[in-house]
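Before any questions on binding or motion, here is one chain by itself as structure tokens, the form predicted on its own.
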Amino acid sequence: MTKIDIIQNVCEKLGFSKKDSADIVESLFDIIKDSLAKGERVKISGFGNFMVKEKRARRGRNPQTGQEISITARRVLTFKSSQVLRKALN
């Protein structure tokens, strides 16, 4: 499913125009992005949790050459689904 599909579903289910539906979806994504950029956890009941985790710097290995390389510290986005979503999928 793409963002266009989400916009189309909002348009059909809620009866908004495509432009209004696009604005709603874009606003929702902007709010989620801004919250995650601040390091906040985003919890959507019945769906799951989005959170940003800090990964520390570490040593790695190039699988083709076997040469050791250093992997820099970074932030990664993780998602953990809720039990309600897991039950619905199974």
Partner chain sequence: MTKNDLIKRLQEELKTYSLKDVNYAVEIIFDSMTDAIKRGERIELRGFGSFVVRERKPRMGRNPKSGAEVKLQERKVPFFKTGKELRLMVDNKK
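Residue numbers count along the first chain shown, from 1. Predicted model only: the values in this text are computed from it and were never measured.
A second form of this protein, the form predicted together with its partner chain, is not displayed here; the remarks below concern that form.
Does Gln67 reach its partner chain in the predicted bound form, with heavy atoms at most 4.5 Å apart? Close contact is absent here: in the predicted bound form, Gln67 is far from its partner chain, nothing within 4.5 Å, heavy atoms only.
Is Asn62 close enough to its partner chain in the predicted bound form to count, meaning some heavy atom within 4.5 Å? It does not: once its partner chain is placed as it appears in the predicted bound form, Asn62 has no heavy atom within 4.5 Å of it.
Even though its partner chain is not shown here, does Arg56 get within 4.5 Å of it in the predicted bound form, heavy atoms only? Taking the distances in the predicted bound form, the answer for Arg56 is no, it never comes within 4.5 Å of its partner chain.
Sequence-ordered list of residues in 53 to 90 near its partner chain in the predicted bound form, where near means a heavy atom within 4.5 Å: If the 4.5 Å heavy-atom criterion is applied to its partner chain in the predicted bound form, 53 to 90 yields Thr72, Ala73, Arg74, Arg75, Val76, Leu77, Phe79, Ser81, Leu85, Arg86, Ala88, Leu89, Asn90.
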